[in-house]
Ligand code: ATP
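Take a look at this one chain, the form predicted on its own, written out in structure tokens.
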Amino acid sequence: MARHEFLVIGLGRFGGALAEDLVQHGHDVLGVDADGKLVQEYAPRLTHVVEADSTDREALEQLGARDFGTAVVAIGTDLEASILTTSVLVDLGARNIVAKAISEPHGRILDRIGAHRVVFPERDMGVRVARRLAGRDVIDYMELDPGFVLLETIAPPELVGKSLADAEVRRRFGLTVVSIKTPGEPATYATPETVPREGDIMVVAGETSAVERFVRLRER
């Protein structure tokens, strides 16, 4: 896996968890927060941690904000700081700015000032939990873009024992099988020759309506 450099601004629940997970997956992370206690808390866990005012252009410039592959604005309820920080990153020419929004109006502002991607962690988590509760065979559900999702589910009986090519999954359902994992064995990339077995876990990607039709196969 390629090693990347991330700038994570705001080490609250979302930003802190994100930064830690990135480090655990082998990436370099510079965490930034104005709260000295949070900086001390995350110092042993992240690659680098700095106490700084992210709304200060000079401070972010000195930290080399424009040089990171991705800058994440994970500031929580302080909307002014969130918007100003995103604006500073845009002015500095940051290559990829991901900004957290807590409401639709907040998200629209972040989008208009130049964030490359706006995420809604609380809303998205609610959707994922609802999908998992609604479908007992749905293991995980993630919206990658509006109307396009990644789904982890148990292989439907209709596909068990057939190759993906013979089952014509792409033609019939309009989705792509990304990988298949047999419990207790490593996950593998799916190919047209892959044959799902009973109990296998499939990861599929496609439009929301197509994925939902696929999930309903187990209800027949």
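What you are looking at is a predicted structure, and each value in this text was computed from that prediction instead of being measured. Note that residue numbering begins at 1 and tracks the sequence as displayed.
One more form of this protein exists, namely the form predicted together with the named molecule; it is left out here, but the text below deals with it.
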Report the stretch among 157-165, 31-39, 171-179, 189-197 that approaches the named molecule in the predicted complex to within 4.5 Å, counting heavy atoms only. 31-39
Let me know the one among I113, L150, A81, L92 whose heavy atoms come within 4.5 Å of the named molecule in the predicted complex, would you? A81
Is A52 part of the interface with the named molecule in the predicted complex - any heavy atom within 4.5 Å? yes
In the predicted complex, does G107 come within 4.5 Å of the named molecule, counting heavy atoms only? no
I'd like to know if G206 sits close to the named molecule in the predicted complex, meaning any non-hydrogen atom pair within 4.5 angstroms. no
I'd like to check something about R13: if you look in the predicted complex, is any of its heavy atoms closer than or equal to 4.5 Å to a heavy atom of the named molecule? yes
Of 72-94, which residues get within 4.5 Å of the named molecule in the predicted complex if you count heavy atoms? A74, I75, G76, T77, D78, A81
